[in-house]
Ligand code: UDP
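First comes one chain, alone, set out as structure tokens in the form predicted alone.
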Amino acid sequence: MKLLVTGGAGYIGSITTQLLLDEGHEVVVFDNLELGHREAVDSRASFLAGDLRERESIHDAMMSVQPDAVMHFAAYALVGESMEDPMLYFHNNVVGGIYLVEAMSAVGVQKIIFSSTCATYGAPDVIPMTEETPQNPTNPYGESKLMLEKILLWARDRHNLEPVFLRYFNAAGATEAFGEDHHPETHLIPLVLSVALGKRGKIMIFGDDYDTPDGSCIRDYIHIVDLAQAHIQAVTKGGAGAFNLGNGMGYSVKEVIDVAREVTGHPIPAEVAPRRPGDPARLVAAADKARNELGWKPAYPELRTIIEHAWKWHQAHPDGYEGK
């Protein structure tokens, strides 16, 4: 297949591109490099510089590429930033998504695998979350993703679009070639590993008085390779609708830190800070639908393996892609 991958210079997009190429697909990456890295684009892929917020940019790219399907990763994804500047997120994530749909419709491309998020569920009352869990976002980031899901459903009904929504939980890990390099970094595992690398003095634990076994928040971590593989399953096996992507197992902040200490051999000092507003105690996925309908099975479900792979990449790239 020929795939157009928006946001393919980012963390998840770059590794999905790598796996697509490994399986013999043709990939064209479309990215404005605002948050992505040119060095993260596999040399076997074609690259088009462009911005989804510019209607002509994505329309011209779609006309040029004529892909069989689109994988849509390009988005702003910081919850805190979205609370500070909601319009920034609606303009980028929603308006950019609309321009993408228009370009697909103009060229007759029907299949789109959309990088959505568990943030569309908000803070649910029942754990684990299924695809039927009510979607009640608690921040503009989650709201922007839900809005585009709804837009894609309308495009399905009116323009024969074939959307698949992959609702991520906590992506982590790396391949040997590509890893996680955000500026700023907000994800727990790379922040913990940055302490072991000597990049920061300690890791903060935001709240240790939650109703969990050790008092810290519990999250569902999924290896980036397993996440990428789900996209390939979705586009090649003809999936439809929404799929949660998680391991169905939760690990607490303190557990992540303890395993990172074992993997790195570093003490990784930690300090407890007040809770962050809006942080649910537990967020864990029920991913039975992806397993049953897509034949998806995580190959690296263990937290230790996820951290080992991330640590190997960060040791080889202590300054991220800037050091390449």
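What we label the rigid core is the largest C-alpha set whose atoms superpose within 1.5 Å from one form to the other. Don't overthink the numbering: it's just position in the shown sequence, from 1. From a predicted model like this one, the values you see are computed outputs, not experimental measurements.
Although it is not shown, the form predicted in complex with this ligand is what the next lines describe.
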| property | result |
| --- | --- |
| In the predicted complex, the residue from Lys237, His187, Arg156, Lys150 that sits within 4.5 Å of this ligand by heavy atoms | His187 |
| This ligand: the contacting residue among Arg55, Arg276, Arg291, His266 in the predicted complex [heavy atom, 4.5 Å] | Arg276 |
| Asn170, heavy atom within 4.5 angstroms of this ligand in the predicted complex | yes |
| Distance check, Val253 to this ligand in the predicted complex, heavy atom within 4.5 Å | yes |
| Tyr221, heavy atom within 4.5 angstroms of this ligand in the predicted complex | yes |
| Exercise: Cys217 in contact with this ligand in the predicted complex, heavy atom 4.5 Å | yes |
| Interface segment, criterion being heavy atoms within 4.5 Å of this ligand in the predicted complex, picked from 32-40, 276-284, 293-301, 55-63 | 276-284 |
| Residues in 175-206 close to this ligand in the predicted complex, defined by a heavy atom within 4.5 Å, in order | Thr186, His187, Leu188, Leu191, Ile203, Met204, Ile205, Phe206 |
| Core-aligned C-alpha movement of Tyr210 between this form and the one not shown, 2 Å or more | yes |
